[in-house]
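The form predicted on its own is given below as one chain in structure tokens.
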């Protein structure tokens, strides 16, 4: 697709400085700009590219502009990062959605398929499954018995949605993620560990995105719940009966053990481990690689394993880095004290 600077500016309510007819045929990272390409500058640390970028058009936050003219065409906006996101979403919509049922897919006669749905080759849709309008299911996806998927979802290749799980509207599930696998429930006996049947399901509310290679386990009874607007990175384990609230972000390789409840608007860093049967409040920040082993109040920031207050961790870490020297000084003080006592 080709656009002029003036067309792009009209999409994001921007002000043009330079050639309004400058042509755009592609997009580049600001570090690797090319002619007839578009990029953006939203932070002061990238502002030197205003004079050095080869891009034909730059979207720039107004606060970074200090002159009336530049070598390249500028589209001035309040927030370049947000404006660029708007453009990317518009471009994605222009690319269009696939529709129709491809050869090689298998759809049970009792399944209900909405209008404008796409089902890719070698996908299997089980009995009594229901797929909402505009949803796209890519090749080699498994949809289990009685699964309900809402409108305008995207289920990428290789994903597995087990029986009776529920997925809301506008959700994205990336490749090779499993929704509704058995929870890790075993009862120790004299003969070994006996499996506890996992009879519940998973409920994923509207506007949730789940990365690739995640495992979200079904509840033993009841439901494992992922709340509206939550975003889950790749390679994440969410155990049975976990309840995650709205608008959380959880980074890669985090693991949340069974029956833990997490509130709203939390930020959980990469490789965080959370034990089971605890409660994490709202607006909590948990730094990467922390281990959380007790309940957490609202608006706390935690770090370390076991996780403690972030500020406490930083203060303690200063001493930890000098621990060998501190031990040596204590030993010297003890020896000096003994010598004085002997005198």
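Numbering follows the first chain given and starts at 1. The term rigid core refers to the maximal set of C-alpha atoms that superpose within 1.5 Å between the two forms. All of these numbers come straight from a predicted model, not from anything done at the bench.
In what follows, reference is made to the form predicted in complex with a further copy of the same chain, a form of this protein that is not presented.
Heavy atom within 4.5 Å of a further copy of the same chain in the model of the complex - residue from 236, 80, 117, 165: It is 236 that has a heavy atom within 4.5 Å of the partner.
If the cut-off is 4.5 angstroms on heavy atoms, which of these, 261, 206, 136, 140, is the one near a further copy of the same chain in the model of the complex? Partner contact (heavy atom, 4.5 Å) among the options: 140.
Using heavy atoms only and a 4.5 Å cut-off, decide whether all three of 156, 176 and 313 touch a further copy of the same chain in the model of the complex. Result yes, every residue of the spot touches a further copy of the same chain.
With a cut-off of 4.5 Å between heavy atoms, is residue 231 one of the residues that contacts a further copy of the same chain in the model of the complex? Residue-level check for residue 231: yes, a contact with a further copy of the same chain.
Give a yes or no for residue 290: in the model of the complex, does one of its heavy atoms lie within 4.5 Å of a heavy atom belonging to a further copy of the same chain? Output for residue 290 is yes: heavy atoms within 4.5 Å of a further copy of the same chain.
Is residue 23 close to a further copy of the same chain in the model of the complex, meaning a heavy atom pair under 4.5 Å apart or at it? Result no; residue 23 lies far from a further copy of the same chain in the model of the complex.
With the partner left out here, check for me: in the model of the complex, does some heavy atom of residue 109 sit within 4.5 Å of a further copy of the same chain? Output for residue 109 is no: heavy atoms all beyond 4.5 Å of a further copy of the same chain.
Which of the residues spanning 212-226 lie within 4.5 Å of a further copy of the same chain in the model of the complex, based on heavy atoms? Residues within 4.5 Å: 212, 213, 214, 215, 217, 221, 222.
Examine residue 123 after superposing the rigid core and state whether its CA is displaced by 2 Å or more between the shown form and the other one. Superposed on the core, residue 123 moves its C-alpha less than 2 Å between the shown form and the other one.
So with the core overlaid, does the Cα of residue 83 end up 2 Å or more away between the shown form and the other one? Yes; that C-alpha moves by at least 2 Å between the shown form and the other one.
For residue 41, does the CA position differ by 2 Å or more between the shown form and the other one when the superposition is done on the rigid core? Passes the 2 Å threshold, so yes.
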